[in-house]
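Consider the single chain below, provided in structure tokens and representing the form predicted on its own.
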Amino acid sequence: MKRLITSFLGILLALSVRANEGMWLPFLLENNIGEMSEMGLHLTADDIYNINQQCLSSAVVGFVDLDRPYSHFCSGSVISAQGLVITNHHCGLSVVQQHSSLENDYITNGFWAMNQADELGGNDIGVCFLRRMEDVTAQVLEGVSDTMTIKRRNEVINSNISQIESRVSDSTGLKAHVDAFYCNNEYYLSVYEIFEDVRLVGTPPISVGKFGGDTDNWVWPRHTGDFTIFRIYADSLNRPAKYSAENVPYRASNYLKINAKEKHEGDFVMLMGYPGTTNEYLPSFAVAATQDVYDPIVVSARGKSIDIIKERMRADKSVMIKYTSKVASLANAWKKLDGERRGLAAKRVVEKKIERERLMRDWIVADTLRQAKYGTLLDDYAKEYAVYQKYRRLKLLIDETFYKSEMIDLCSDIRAVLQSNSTDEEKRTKIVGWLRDFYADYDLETDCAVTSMMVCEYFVNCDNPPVLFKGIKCENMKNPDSNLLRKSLLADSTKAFSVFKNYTEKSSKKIENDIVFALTAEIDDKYSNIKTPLQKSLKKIDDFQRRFMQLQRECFADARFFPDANSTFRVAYGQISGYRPTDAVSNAPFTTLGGVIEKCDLDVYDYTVPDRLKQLSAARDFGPYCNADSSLTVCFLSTCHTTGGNSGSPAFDADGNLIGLNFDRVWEGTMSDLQFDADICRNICLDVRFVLFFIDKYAGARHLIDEMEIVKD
């Protein structure tokens, strides 16, 4: 018994959330405010979030694709009364690419609107403000019982959620969305106001906005000027409206003040935004699968694809413009997952979770009621997960190989539309729209090279690979010049538009007989055969995880649990701090423009520095934004817990002033999506003073500085 008590004390210490860890709900911050104050915060919980008064959260936005309004791909903040919004450069890169051409290469040269008439609109992104958040668990779970089947339980829950969302949206005119928390044990309502007219105001050249490129991605020290400025537009009554020349700049009732003072190690930092997805409470066998099965598949396939695309980008500027955003997306996940699997192994996370589960088993068998409730839960969960893992691996192999061929992926989407119940006119309209978007950023030579490699990657890694489309094998695909993509009607944009603009049911045979459509049909069929059992298993896995989460919270009742990220509004906090990633290596928490110049190498694409920036650095012409030693800070580290979606999240000082923009994590700590480690998990922020310097001194856009409220004393 003494050994059991000692073990429980040890595991409780390991489970107790340490300062810096966690992504907390804004309406429950009273539970955290004492700890935050001890770390240096000067604000109250109401100063941060309050639906009845102006507060910091009302100046924070989530960036969304307009066709997915509740899935926030980035975060940002309002920094002027005229609706200026700042986020990361990589968050706005697709918009910059949309407006770029060989004649107006805004990716390479940057863009700055010197008046509002020059701001670039017509974009497919929006920003949303969280207007309120509340616990609706009781309403969602009304009518749910433990004796229900998984299917019936989900039907009741989904029906209740639909009623809540419809009722709130209809009564407020805002957009309501209910999300699951704590692995489907609790449910919270978020009410948003979504603005659809968001225009590009300014962005630095990619040599600044993505300085270091994929070489430095997820790495410290970092010297990346990762920011872009947008402006929100509204109708004459300051309400959300679709893009129109009649719209006017949004009149912000609340915006952030900017702290232009020097920062120091140990200073308090708070982040707000919309983190995407974390899985902190998975069992050991699920983490092991991530480390040893899932991540290696993605790392291998994407790494090879990235090498091919980059070679093409270096050889052809038009390819560089078309593929900059695409390769950035591929590279971001590739390097992150490589760091994640290495970090999980180095920190022995699987072993630690196994020990935690051993204590859960001891806790269960110590009480008959616990045995009745949780009995063989862990063993049953592990057994079902083995089934799930088998099918997820097969699905992931296809996702990361065949469907990373742009043409095959498009063919799959087109086939789905052609097989739908839509009218011929509806099919024509949708597909022609897709074709316009596809060819605007497509290069056949690049896709042929990638597809050749991807087919080989699939055959090498798939157990007992099937013979696809009349015996196509890896050997047939190694020569990009004979690639089957060239034989498809989609290889010729003129032919493709002609076929689908004039599509009728009678012409479907011509499409079915196309060599790439035929191959895609076989791939889709195999994919469907995998997805069906995978989805069936996933429903069981979700229910096991729900009960496993209950078990953890009951077993370790004195521990503090934050809900996993799920693209809803969160608050994280910590301090500016360096870290020691390995023995005898110590990283300071600040980088400066001097480091940019030190890295400058005209022969390395990732380390190209604009002449104008070199000149300003040589002259030390930093204006009022420099440090006491006349250096200019570019980036800093803090101990806040972040993930994807936190890109662009405002970093606040102890008084709630903007001091930076979160944009990345350190490579050694990317495992924080599965297990946070306070010793090595750090988030990387762009210092707001570099932003001010760049807008003022480099871009000459002083009119934007004049819009902002800057704290200097």
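The numbering used is simple: start at 1 and walk along the sequence shown. Throughout, rigid core stands for the largest set of C-alpha atoms superposing within 1.5 Å between the two forms. The structure presented is a predicted model; accordingly, all values stated were derived computationally and were not measured.
Quick note: we don't show the form predicted together with a small molecule, though the next part is all about it.
- Although the partner is absent from this view, residue 217 contacts the small molecule in the predicted complex, with a non-hydrogen atom inside 4.5 angstroms.
- Contact between residue 63 and the small molecule in the predicted complex is not found at the 4.5 Å heavy atom cutoff.
- Using a 4.5 angstroms limit between non-hydrogen atoms, residue 90 touches the small molecule in the predicted complex.
- At the 4.5 Å threshold, heavy atoms of residue 210 reach the small molecule in the predicted complex.
- Taking a 4.5 Å heavy atom cutoff to the small molecule in the predicted complex, the contact residue among 332, 254, 631, 116 is 332.
- Partner contact region in the predicted complex: 660-668, out of 41-49, 55-63, 660-668, 25-33, criterion any non-hydrogen atom within 4.5 Å of the small molecule.
- In the core-superposed comparison between the shown form and the other one, the C-alpha atom of residue 310 has shifted by at least 2 angstroms.
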